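Shown next as structure tokens: one chain only, the form predicted alone.
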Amino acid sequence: MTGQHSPVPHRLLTAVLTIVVPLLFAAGAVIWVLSFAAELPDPVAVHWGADGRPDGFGPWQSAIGMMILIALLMCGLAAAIGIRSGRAAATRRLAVFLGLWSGIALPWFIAGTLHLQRGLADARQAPDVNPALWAGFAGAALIAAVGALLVPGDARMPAADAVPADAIRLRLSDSEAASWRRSVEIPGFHWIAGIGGVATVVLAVLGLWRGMLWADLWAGTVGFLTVLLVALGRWRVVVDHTGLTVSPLISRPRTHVPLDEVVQAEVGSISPLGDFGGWGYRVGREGTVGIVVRSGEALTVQRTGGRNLAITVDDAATGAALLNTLADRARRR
């Protein structure tokens, strides 16, 4: 795809939100632990089992060191994504969310687990940490979402040139209206939804009936992952007089490419691992945003500003041809 050398906008803001702010949060957690480190047992609990009880022990300094290392690595990854590949606002927002969540969730969770051991003679007496885990991770996600909202959206960048003459087109007169709609979903979508739902109910019943804390924890985890996979496992792809629109069942994150920003649409083939490192809403080489739910045929769109897009979908040739035709028509008006 072309346009990969276009400059990435808002690099300074992205760096601040993916590195500076998250590491300030992490530093705050470290300072808090240092303020009561003398009151901690030796060794402290550094690992908990599924039942929320401690099952691993070590010096409190090792917990702090691991916290700092993971925060640095994750914030560095987020910054690399946002600064190097963030030509699209969606990519920068994803990077900011990852950086902020990483700098808050794990550091403050670890700090919280140490605070629970304050004044204990034996770390094996530490209470259940699962409530702190869920509260910390959810709070971090909320702050990260607010930070992502601070990222400016994409600037309007109408194309200056015509759609290339050799781009595939659909035969359509200027007086005709047309649209193209397809749905694409992860393989086994309905099985995942069904099995995940049943497993969540069974675990929840075990937790309530038998008082098994681990079952409650896994019910929440399986339920959350099932909802996430269902919400982002099926996408609608529409080409019409407004351009290209791609949205999941929950309608967010929605991606829209106006006709006047379409440089060229093509048909390609995608290998999820090779091209994007996995499945889902991804950022690939040169900052291309990928909505990848399977391997194979894909609609690829070169967009102005290097904000390129790829969607795995059937009948991509018709979608690409219609998008080129409508973009060409919009240029002539």
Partner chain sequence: MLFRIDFAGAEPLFRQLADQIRAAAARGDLRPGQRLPSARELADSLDISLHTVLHAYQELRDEGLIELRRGRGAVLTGAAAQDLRQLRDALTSAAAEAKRRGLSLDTTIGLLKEAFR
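Numbering follows the first chain given and starts at 1. None of these values were measured; they are calculated from a predicted model.
One more form of this protein, predicted in complex with the partner chain, exists but is not displayed; see below.
Novice: In the model of the complex, does each of 171, 176 and 240 have a heavy atom within 4.5 Å of the partner chain?
Specialist: Answer is yes for this spot.
Novice: Only one of 152-160, 82-90, 230-238, 133-141 gets a heavy atom within 4.5 Å of the partner chain in the model of the complex; which is it?
Specialist: That would be 230-238.
Novice: Mark residue 118 yes when one of its heavy atoms lies within 4.5 Å of a heavy atom of the partner chain in the model of the complex, and no otherwise.
Specialist: It does not: once the partner chain is placed as it appears in the model of the complex, residue 118 has no heavy atom within 4.5 Å of it.
Novice: In the model of the complex, does residue 124 have a heavy atom within 4.5 Å of the partner chain?
Specialist: Result no; residue 124 lies far from the partner chain in the model of the complex.
Novice: Would residue 181 count as a contact of the partner chain in the model of the complex, using a 4.5 angstroms cut-off between non-hydrogen atoms?
Specialist: Answer yes; at least one heavy atom of residue 181 falls within 4.5 Å of the partner chain in the model of the complex.
Novice: Given that the partner is absent here, does residue 322 sit within 4.5 Å of the partner chain in the model of the complex, heavy atoms only?
Specialist: Yes - in the model of the complex, heavy atoms of residue 322 and the partner chain come within 4.5 Å of each other.
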